[in-house]
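Listed next as structure tokens: two forms of one protein chain, kept apart as structure 1 and structure 2.
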Structure 1
């Protein structure tokens, strides 16, 4: 799998309430959640994000409460991939269960600016900053977890095997 998109760069400790504020948890409709994605961190995000864009964050992305709404909102907003130095463990697992592509990398954040274009090659585990002409390594994603993403999440994977 390959992705190429514009970077939306955020700092450390972006919690699930910043990803999708609790006041919108009365719905599980992905399209409605997407309208409010990142609203309390970046009010312009939902109205300006384009399909295929990439969220780039520092450490501990997705900390806080364990709501599945967070990866659903990001995916429904059209984000192709989230890259962070680290993730809260429950967000990490929920992302794969919901079919949201996420990668861990310690290097790309410090060498990438908001608005840069990244190209991600999941099979090679490489992230290239096209804007700056630099390539970085991502931590490998086990093949069975890559299959969850390709299937669209855990439930879709089970359905397709069924």
Structure 2
């Protein structure tokens, strides 16, 4: 699996209230949620993001609440994958459970500017900054998580178990 997209670069500790503010949580409709994705961090994001774009963040992305609305909003906004130095654990779990691709890497951030184009090669675990011509390694996805992805998410795996 490969993705190529433009980078939206953010800092550390992007919390779920920034990803999708609670004032919009009276619905779980992905399209509605996508309209307000990242609103309190970057008001321009939801209207400008293009399908296939990539969110690149610093440490502890997705901290705060357990709302699955956060990964849902990101996915519905068309974001192909999120790359961060680390994730808050509930966000990490939710993303795998519902099939939002997330990667961990420490190096891409410093070498990448907002708007650069990144290419992500999931099979090789490589992230290439096409704009700057540099390639980085992503932290390997734990085997258990890979199994979940292969099964098509948590619910699919339960369905298969019967």
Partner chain sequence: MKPMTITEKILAKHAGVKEVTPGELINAKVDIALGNDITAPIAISEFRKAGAKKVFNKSKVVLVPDHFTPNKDIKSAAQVKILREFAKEQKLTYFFDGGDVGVEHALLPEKGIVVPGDVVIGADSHTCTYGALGAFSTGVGSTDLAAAMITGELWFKVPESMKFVFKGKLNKWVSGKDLILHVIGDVGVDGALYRSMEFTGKPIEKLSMDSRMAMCNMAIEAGAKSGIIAPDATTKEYMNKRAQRPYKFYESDKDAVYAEVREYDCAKIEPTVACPHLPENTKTVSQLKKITIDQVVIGSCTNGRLEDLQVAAKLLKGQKVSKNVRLIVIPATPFIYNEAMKLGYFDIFLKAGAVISPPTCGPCLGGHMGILAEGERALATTNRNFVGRMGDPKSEVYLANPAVAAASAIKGRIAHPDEVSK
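The term rigid core refers to the maximal set of C-alpha atoms that superpose within 1.5 Å between the two forms. Numbering follows the first chain given and starts at 1. The structure presented is a predicted model; accordingly, all values stated were derived computationally and were not measured.
Pair member which, unlike the other, is the form predicted on its own: Answer is structure 1, the other one does not fit.
Core-superposed comparison between structures 1 and 2, residue 147 Cα displacement 2 Å or beyond: Passes the 2 Å threshold, so yes.
Given the rigid core as reference frame, how large is the C-alpha shift of residue 156 between structures 1 and 2? Answer in angstrom. Once the two forms are fitted on their core, the shift reads 4.4 Å.
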